[in-house]
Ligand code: F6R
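To begin, one chain is listed below as structure tokens, in the form predicted alone.
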């Protein structure tokens, strides 16, 4: 599912393939491999685990004159993470990498099996290669097109074959794929990052586009079309750790600069301005649906509180994977907002397409320009978070919430210029506070789970804090509305239950304080985050005093991120690439 690279026409393509795959590690993977045309030989090298395992195997291979290749990092969807299931898949005379899911692979596999074709993996991807070789009758392009006509589902595909050894074949439908060039050299990748420094311009493939490269790019969509190349960025600095232990840690510290970038030109003394929008876009809108997954869903829940409070527009927030199959009632007086860091989140993308089919106005909040969601939506507000390499999202979440706050104020005609700037200041990491969290983290390793509790906008933050901890520490954690404790969850309260209480001075302070006291009375081990000290709490982290709840929100957000980080580090986990997770979830 996760990462694709490819190249043709360059000296020693193995170097680009490995470096490109390293740039895609942040997406999450369990195996990796490359396939290289080396004179008349097609060499495929694969390994399970980290890329260093693949590099060690490549060192043992003697290449004569390699001139093109493809590579892949895989996150298992069909079949366990083994070398047999890893990409590239090799057939009788071809090799192929694929992101996405082939929905009718079982049907095709049965057909080919009856024809005597044997399969060696458990994957849906192998079906594509076997089908291509089944249809090959001397014309590789014809066989490739016939294969594309038969497969159904989401895919980004690169294929090389000894039967046509001077071409890389490609196709895109539902999963991202980019073709870049520089001085007659062509590069492929599933995101911008591997291309930076190698190419200077790129064509972002649209759904249904396919073709091949042989000296030049041949691009088809029903008929041959002219590609649209755009300049690529040139700075890789954001992809470096800058001395931090993990990308996630670096990205937590980056949030101050990222939020300044996010609000630049938008939060003005005259009020909120969006170059991407005008007020006429919202004419006739009576309500809003926000569709998202995971962290983006939590940001959407914050947006519900803010938009309903500031703009007086009814908002429903939906889990995209549920919404897309629920056959919801969608009316044209509804604005449909989707939120995605990558812009390729499959479930969210499908709900967007569903809303478009129903004639709704659509708006995307996204971090990746030229992504599928951005291209599909009527309007987009880019998050400007930069490359986020940590699988567990931090700075993207911060920009999602900030963008929703600005959108709420834009729709409501509210000017909170100073409060927004105060909130940006609040995400600056206090090094001494980070050191305190490091020391505290050793007390929160061996209980039977966590409750994160809060009220109002701090309830979605509790959900997000719990998700961060789950994702990287593998400790069970749940987020709850603080007032919900007495309706069942408080039965779990004992010294082995760790409670992280988000106590706002500005919203329902006394009620939340009472909820904390109820848990303390039942011996739950409690860490309170607040500007107001509570004597009975086991641990306390003080935030700055402020009169605005969103300033509290952003400072608490950083603390919950750092707490998850430090607990996970003490557990000895790979914080940037937690097990079983992927950065860009391009399958349902």
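Positions refer to the first chain, counted from 1. It should be emphasised that the depicted structure is a prediction, and the values quoted were computed from it without experimental measurement.
Omitted from view is the form predicted in complex with this ligand, to which the following refers.
Peer 1: Just one of 430-438, 171-179, 250-258, 384-392 has heavy atoms within 4.5 Å of this ligand in the model of the complex; which?
Peer 2: That would be stretch 384-392.
Peer 1: Counting only non-hydrogen atoms and a 4.5 angstroms cut-off, does residue 293 reach this ligand in the model of the complex?
Peer 2: Contact check for residue 293: yes, within 4.5 Å of this ligand in the model of the complex.
Peer 1: Closest heavy atom of residue 98 to this ligand in the model of the complex, within 4.5 Å or not?
Peer 2: Taking the distances in the model of the complex, the answer for residue 98 is no, it never comes within 4.5 Å of this ligand.
Peer 1: So in the model of the complex, is this ligand close enough to residue 468 to count as touching (4.5 Å, heavy atoms)?
Peer 2: Yes, residue 468 sits close enough to this ligand in the model of the complex that at least one of its heavy atoms falls within 4.5 Å.
Peer 1: Does residue 372 make contact with this ligand in the model of the complex, using a 4.5 Å heavy atom cut-off?
Peer 2: No, no contact at 4.5 Å.
Peer 1: Just give me the single entry in 125, 342, 262, 191 that has a non-hydrogen atom within 4.5 angstroms of this ligand in the model of the complex.
Peer 2: Exactly one residue meets the criterion: 342.
Peer 1: Give me the residue from 400, 267, 512, 73 that has a heavy atom within 4.5 Å of this ligand in the model of the complex.
Peer 2: Checking each option against this ligand in the model of the complex, the one that comes within 4.5 Å is 400.
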